[in-house]
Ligand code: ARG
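Here's a solo chain for you in structure tokens, the form predicted on its own.
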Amino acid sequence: MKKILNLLLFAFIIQVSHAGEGMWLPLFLKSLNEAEMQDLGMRLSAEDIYSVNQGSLKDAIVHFGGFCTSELISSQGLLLTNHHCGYGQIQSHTTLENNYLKKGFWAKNKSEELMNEGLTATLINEIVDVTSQALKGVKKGMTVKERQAIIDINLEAIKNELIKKDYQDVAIRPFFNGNQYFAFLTTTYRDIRLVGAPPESIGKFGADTDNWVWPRHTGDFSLFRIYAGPDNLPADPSPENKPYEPKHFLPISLDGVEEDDFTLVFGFPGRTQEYLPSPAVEEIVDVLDPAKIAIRERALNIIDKYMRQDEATRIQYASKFARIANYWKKWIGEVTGLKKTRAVAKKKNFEKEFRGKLPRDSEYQNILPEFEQLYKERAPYAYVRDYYSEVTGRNIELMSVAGIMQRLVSAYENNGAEAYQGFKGRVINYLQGFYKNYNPKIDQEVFAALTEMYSENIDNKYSPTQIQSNTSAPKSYKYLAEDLYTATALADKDKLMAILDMEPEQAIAKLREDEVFKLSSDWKKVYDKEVASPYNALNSQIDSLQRIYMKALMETFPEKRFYPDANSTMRVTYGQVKGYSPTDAVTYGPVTYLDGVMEKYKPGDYEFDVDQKLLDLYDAQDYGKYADKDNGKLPVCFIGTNHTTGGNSGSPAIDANGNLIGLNFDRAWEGTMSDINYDPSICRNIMTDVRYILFVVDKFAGASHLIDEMKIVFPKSKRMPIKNQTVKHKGVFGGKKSKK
């Protein structure tokens, strides 16, 4: 095991011969990446990026709400993240009278900044390798359950041994499919206030048409602020709290970017699957992604129709539509990219090389044939699983409510009235927000369309009786939907709340009588028995084999470096500003300008309209100090080779000197398959240029008081190094300094 761990630290599974690929743990940059990063032009040291003994870049990187990244850009706790990351909060404060989505929002002073219930900002204090402790007692030949039982006990012991402050939390995550473990000491702030957001015509310019597309012209940013108690530590939201004072915040460079400039993106990427075997990639390309794309496309067409007819509906469904459309378009690009780069063939060639290096008596000889067999057995269940999840869990809203009601009934059945009452309080809070943005007419039409798709594409044995297909007498799913939505209490807030006001026994009885509740329950029973049970059994075997496969690859290719798959933990990715050529005779430059916004401008169109103030500034060429120094144009976005994914939304793009130059918000459509197969020829991350952000804040919004908080630098004319703040630190094990 010790030999394996050493290889894990100093080997790569796939040779990285180009800048861009990899999502690296920052505490290993010194040993694995520093030299390469400096060859690409970086002037920082690994200690400047990640340190537990002094202020470093990591202290300015914030996990925003647990789903996005943000960064500190002033000494007063000012946070920068994407507009789409703050969209839910902006929407929650929006009304027809105060339409912050359409008009934007700018607090003129701190007293006008808006509180956001439940929103958090988490800082990473330290990352600790706890692999040896986590795997203590794990032996070869153990079953999956035996192995995990020992690891779970070890992880609890590690949490108890870690020295931490009362306000800190500990999260331990597996890496390399469970071959390695790291503990993250964190501090989470709970008072996060909305400071500023541009109108959608800037923050969401291009909307769904331009999503995942380059060239891009979107000012995808919003501003928040962390508030702390009098001791600068986390505190419950309160008017008495003060702006947080960070250990480090990012200076902002106005020098701009040029092709081949070094770029570092720091954040919390969500999930990648870079080391899947070829049958898994084939399944994604040929079966799973196409099914999910078709389902979401059907739902989106219905929602879009209603949003275009009514402004109130557009506000109501804006966030939901964007959420559904985001991965719909991503999956389309993923399939296209995987096919274009021949990802399956590459995997098979690599597997052939892997087999060729194995000794005849190797314990790993049967891994690939086992993968083939397991994925073949799992395939029909995986298909139904994705269909069921998309239809009942993500696109028919009423089925989601029915699922929550099932959990409420289960709480009563399994743990009695006290558990029921406790869970009911959470349910009611959720429903208050849900019904604010719910239109049963729209949902009814989506229900009819998607249940019909389910019956047409899924075998009857995986369907509840109510929606099984009947070729001799085809059903009208439109009429089925009408009957259900008319009869159910779940589509009406007042009716459902009246049920929840009853005594538990009465409420449970009423819910069980509800037609939509009965459909949801019947559907789940069929799914649990016929799909979930066999799928989970096979998937457990696949997961276990994947862990062994990782170990095998590491031992077989000791000369190659590797990086762990993303799992929502802090990572660094580095690359360069670069254009690309996605198809024959098409070449994209790396930077877009405000000219491109005006070229796309369509008056009155909700995706491509432009605010009159921005039109006036463009006509006057009034860009202030934010124009490009060489051509006088106002830059809007740029692209790089950084390896990013979901969760990197809001990540800072940092220059060679540690200054903020942009804000990561998307990937180019042709390269969204980078979660599975990074290819330097077409994988590009998209960033809003910080000069456009500051131009909007200053010239467009007139919020120059926010600019005054920031530290503006011009490093290309004179380098502005990071100013580190030395802090006292104790190691986390036994008071000794942890080894990195």
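From 1 onward, residues are counted along the sequence shown. Predicted model only: the values in this text are computed from it and were never measured.
Unshown form predicted in complex with the ligand; subsequent notes refer to it.
Participant: May I ask you to state whether Ala322 is within 4.5 Å of the ligand in the predicted bound form, using heavy atom distances?
Facilitator: Ala322: yes, in contact with the ligand in the predicted bound form.
Participant: Given that the ligand is not shown alongside this chain, does Gln541 nevertheless sit within 4.5 Å of it in the predicted bound form, heavy atom to heavy atom?
Facilitator: Residue-level check for Gln541: no, no contact with the ligand.
Participant: Considering non-hydrogen atoms and a 4.5 Å limit, does the ligand approach Ser201 in the predicted bound form?
Facilitator: Ser201: no, not in contact with the ligand in the predicted bound form.
Participant: Contact between Asp666 and the ligand in the predicted bound form at 4.5 Å, heavy atoms?
Facilitator: Within the cut-off, so yes.
Participant: Work out which of Ser278, Asn125, Asn211, Asn154 lies within 4.5 Å of the ligand in the predicted bound form, going by heavy atoms.
Facilitator: Exactly one residue meets the criterion: Asn211.
Participant: So the ligand isn't shown here. In the predicted bound form, which residue out of Lys347, His84, Arg147, Lys578 has a non-hydrogen atom within 4.5 Å of it?
Facilitator: The residue in contact is His84.
Participant: Using a 4.5 Å heavy atom cut-off, which stretch among 111 to 119, 202 to 210, 449 to 457, 294 to 302 contacts the ligand in the predicted bound form?
Facilitator: Of the options given, it is 202 to 210.
Participant: Taking heavy atoms and a 4.5 Å limit, what residues of 638 to 657 are near the ligand in the predicted bound form?
Facilitator: Counting only heavy atoms within 4.5 Å of the ligand in the predicted bound form, the single contacting residue of 638 to 657 is Ser649.
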